[in-house]
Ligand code: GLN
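So this first bit is one chain, no partners, the form predicted on its own, shown in structure tokens.
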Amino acid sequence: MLEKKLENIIKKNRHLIKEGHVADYIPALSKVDPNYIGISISDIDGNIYKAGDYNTKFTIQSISKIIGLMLALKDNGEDYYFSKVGCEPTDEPFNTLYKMDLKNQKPANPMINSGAIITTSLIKGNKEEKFNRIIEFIRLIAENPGITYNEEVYLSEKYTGDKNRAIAYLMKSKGLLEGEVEDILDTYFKQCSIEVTAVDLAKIGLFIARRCPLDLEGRIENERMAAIVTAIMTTCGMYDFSGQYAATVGIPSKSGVGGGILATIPNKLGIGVFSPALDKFGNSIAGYGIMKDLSRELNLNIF
């Protein structure tokens, strides 16, 4: 019954694809077929529901910022982490840098690129160890040991990532970023190129919904980490569209320019959506329509 409902929601929102565009500022992403569209839901009882292109691989992009945030919180603790990165929403685009050039202020939150780059720098280990920890953590919580990264997308992001490079060097010049800039960026570009499916995203969302139930040593309790991550997804996860998304969908979510949306509802379920055509904010345009319908038809709005 639920999978039939998901199929109907896909049909209802498929027309939105033609109103969006794939992320062509990353050359490798410009090759993605914009007509993919898929959904997966994983609930607290272990049931998995899916429809459409739920098993199609795509790059995780900014959804990886959630993974980095969890590891950085575990490694550093809440107080130290938030001394480096804020937790406030912003009305600026995700790749903004101009406010940091006005004064020595830390990035507004971990979901914009500047905050995410600092977050990656705070994950313990050298360049190789950081990335290995990120991808192994994703494999673990998505219950998919086959997850890997797309080398073409990684190299494409690395060779065209001048804006991120500018952000990182600006933060370095102001004493906000510690470590070797190019090593940190290399890890950041690679983490964004990790390939997942809508099913993987739903399972990651369920992991957060279950309050991160892993026996991981660290400087923050799992329950507290889950609360922080869920709150930041709610206020900052959809870029400078987060406020309107919260008002219309009401589900903690994080998007990526690969077309994915990861959503979580505490103690209930995780959701993964994939449709690569984006709106002007960098969010999946059909994915937003799907999330609105899911919220309304399944009564998922947490507010």
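Please read these numbers as outputs of a predicted model, since none were measured by experiment. Residue positions are given as counts along the sequence shown, with the first one as 1.
Note that the form predicted together with glutamine (GLN) isn't included here; everything after this is about it.
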At 4.5 Å by heavy atoms, is each residue in 62, 113 and 188 next to glutamine (GLN) in the model of the complex? yes
Looking at 204, 233, 192, 198, which is the one with a non-hydrogen atom within 4.5 Å of glutamine (GLN) in the model of the complex? 192
From 26, 269, 251, 277: within 4.5 Å of glutamine (GLN) in the model of the complex by heavy atoms is 26
Partner-facing stretch of 33-41, 50-58, 254-262, 269-277, counted where any non-hydrogen atom is within 4.5 angstroms of glutamine (GLN) in the model of the complex: 254-262
Please check if residue 81 has a heavy atom lying within 4.5 Å of any heavy atom of glutamine (GLN) in the model of the complex. no
Non-hydrogen atom contact residue 164 with glutamine (GLN) in the model of the complex at 4.5 angstroms: yes
I'd like to know if residue 149 sits close to glutamine (GLN) in the model of the complex, meaning any non-hydrogen atom pair within 4.5 angstroms. no
Test of understanding: in the model of the complex, would residue 94 fall inside 4.5 Å of glutamine (GLN) by heavy atoms? yes
